[in-house]
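Below you'll find only one chain, the form predicted alone, shown as structure tokens.
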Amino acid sequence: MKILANDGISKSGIVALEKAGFEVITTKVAQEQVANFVNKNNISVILVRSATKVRKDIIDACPGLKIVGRGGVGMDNIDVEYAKSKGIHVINTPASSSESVAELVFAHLFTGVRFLHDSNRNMPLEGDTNFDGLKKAYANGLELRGKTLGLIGMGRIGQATAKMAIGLGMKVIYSDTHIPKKDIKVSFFDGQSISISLVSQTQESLFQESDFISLHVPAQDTHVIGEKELEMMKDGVGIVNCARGGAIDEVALVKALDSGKVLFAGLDVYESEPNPEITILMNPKISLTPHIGAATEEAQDRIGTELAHQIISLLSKSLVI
């Protein structure tokens, strides 16, 4: 049986699948050629990340497709229910990348409060001629310790972010209508741990109380943060979105950054991805990454291995013929 890992897969995942008798193809196929490639090469399983989309057209055009796998959490690039209605199994790896995304959230937070994103742009240009000027410009940084971090969403990534914030000495609050209460266990290197109980609150109170806000929501039909929500926030708030593009109204965000209402933003995802707006890319108050939340060696290794185990398990139980 052949597997197309169109957005790549870790070596550990390939090894596990090949050991089980599968042929793994890692050729990158253009979106418009996916269906033709799948049929021509008798592909039974297609694995994707966020780039390749498996929509109704591909599902209808590929009757031999038995499994669609998403290396990551969100599956908004797959027509999940339609695939299931056609007898195709849809799998993902919700637990494999939580820590990696949470660490990127803090990379953006640390970058924002110490202006590293702007400093790294200007030091190569002016560091040898305007050192004292740059030193003065970036001298009013902030500490994260003791500040309040508001999390919109308390799924696996939200929980991982909460643990890191607590370990750093931050106060954590969250809003999630599906998880009214959550016990957060923070484990340390020597085997000790602490547990903290958190209770969900309204988004309005979260916006009013938070010094920094991080989004951890699935794909949305409307903005979670727009002009109205920004007005509720503290002056000088920092906002990070490593969840989904479109969760923040980028026009309203730029306006709030320009006015000073928002101190900085950290973005890993964008409304018009993969072609972010130039007003976002050129804004000196935004820390930018190109949708790399789960792109660590450790996370990709876990994702590949978990996908392989799920595929092998499905087939061994004769759920796919």
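Note that residue numbering begins at 1 and tracks the sequence as displayed. Just so you know, these numbers come straight off a predicted model, no measurement behind them.
The discussion below concerns the form predicted in complex with a small molecule, not included here.
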Would you check, heavy atoms only and a 4.5 Å threshold, whether G150 touches the small molecule in the predicted complex? no
Any chance G226 has a heavy atom within 4.5 Å of the small molecule in the predicted complex? no
Any non-hydrogen atom of V73 within 4.5 angstroms of the small molecule in the predicted complex: yes
Would you check, heavy atoms only and a 4.5 Å threshold, whether S50 touches the small molecule in the predicted complex? yes
Output flag, R244, H291 and A294 jointly within 4.5 Å of the small molecule in the predicted complex, heavy atom basis: yes
Interface stretch in the predicted complex with the small molecule - options 259-267, 23-31, 64-72, 36-44, non-hydrogen atom within 4.5 Å: 64-72
